[in-house]
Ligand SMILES: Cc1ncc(COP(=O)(O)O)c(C=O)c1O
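Read the single chain below, which is given as structure tokens and is the form predicted on its own.
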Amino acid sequence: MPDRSRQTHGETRPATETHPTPALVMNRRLIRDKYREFRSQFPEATIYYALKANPHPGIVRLLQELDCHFEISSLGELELLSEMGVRSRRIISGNPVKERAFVERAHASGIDLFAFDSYPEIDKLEECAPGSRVTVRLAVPNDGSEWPLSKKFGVEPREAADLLLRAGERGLKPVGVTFHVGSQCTRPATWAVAIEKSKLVWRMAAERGLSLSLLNVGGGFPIEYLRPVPSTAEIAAVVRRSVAEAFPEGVELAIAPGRALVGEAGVLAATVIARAERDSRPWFYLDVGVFNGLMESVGGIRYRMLTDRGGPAVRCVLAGPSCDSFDVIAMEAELPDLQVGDGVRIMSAGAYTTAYASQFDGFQIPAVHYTE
């Protein structure tokens, strides 16, 4: 997999003393602190970093040192982890939709835990990863999530039990249930509802002679952008209590945070490259936009932004550098009256920025740097 952080194109403009922009600066200490927080709040769980949030090699290396596991979805992610020496026993595939080539390579490498939610996927796993352990993806409410995921994946409890039974009949090893409450979920009670729904699958499976052991409560743990969010401790307390009530005899617990491990550790440094007045409102154009780093702004994520320029805030439009009119970061931003050459620091930008980025229109993907 190419290291996209090193791709550059065109002129760069300094907005910080250290790095030309656009640049994503990741704080290693904050990542370590966040991982240790999850480790302390979920002492009995296996933590799988959802690599899709930010697959930069520096993050993989750091989390390896912390003894973290990884959740992947694609051949590209598998190749990255393999190149970096991550052992297959520390990797699972949490995507219910997988390419055959990926399943074959993953199985051959020693990965033996896959998620699924359909009969054709059982056929694929039987052929490409025979004898593997499998978890069924359960559809659960995504209440409180800023990025709901409930439509694309998951099945209801009765079908989940049917799928597990079929998987067992086809030589796979059905071991449990996985779910996802949606990205950036700010309602802890949503996890409780999902765990209670998982209990139904457990009971239906038991009635059919299947003994399940693994519950993967997924990701969705939120980070702070502009508004306060529940802490990891608050959500963990709900999860631990709900699991204890639903599974009194114990269960193997797994979690798969992505955004929550790396999001707040990243600052995206940008520079104002142009400005204009349109409909009596200033427009500020940055050297990073929707296509090369801020795709989540399209879905409603609003970032806290800092600048060294003083003065009162003005209501403005913030846009990216490309010639596409879709490249608008925020229609209702409030910033000082910025001038060309001013630097802007976009906070909590460590997840789903460079991971989503492209070089559309020839604009560079932000380089990634690290600080302690």
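Numbering starts at 1 and follows the sequence shown. Predicted model only: the values in this text are computed from it and were never measured.
Another form exists, predicted in complex with this ligand; not displayed. Remarks below refer to it.
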Ok, S183, T271, S132, S242: which has a heavy atom sitting within 4.5 Å of this ligand in the model of the complex? S183
So which of R345, R28, H69, K52 reaches within 4.5 angstroms of this ligand in the model of the complex, heavy atom to heavy atom? K52
Using heavy atoms and a 4.5 Å limit, would one call Y352 a contact residue for this ligand in the model of the complex? yes
4.5 Å heavy atom contact, G220 to this ligand in the model of the complex: yes
Can you tell me if A256 lies within 4.5 angstroms of this ligand in the model of the complex, counting non-hydrogen atoms only? yes
Hey, in the model of the complex, does G176 get a heavy atom within 4.5 angstroms of this ligand? no
Exactly one stretch in 285 to 293, 155 to 163, 82 to 90, 220 to 228 has heavy atoms within 4.5 Å of this ligand in the model of the complex; which is it? 220 to 228
Sequence-ordered list of residues in 98 to 116 near this ligand in the model of the complex, where near means a heavy atom within 4.5 Å: none
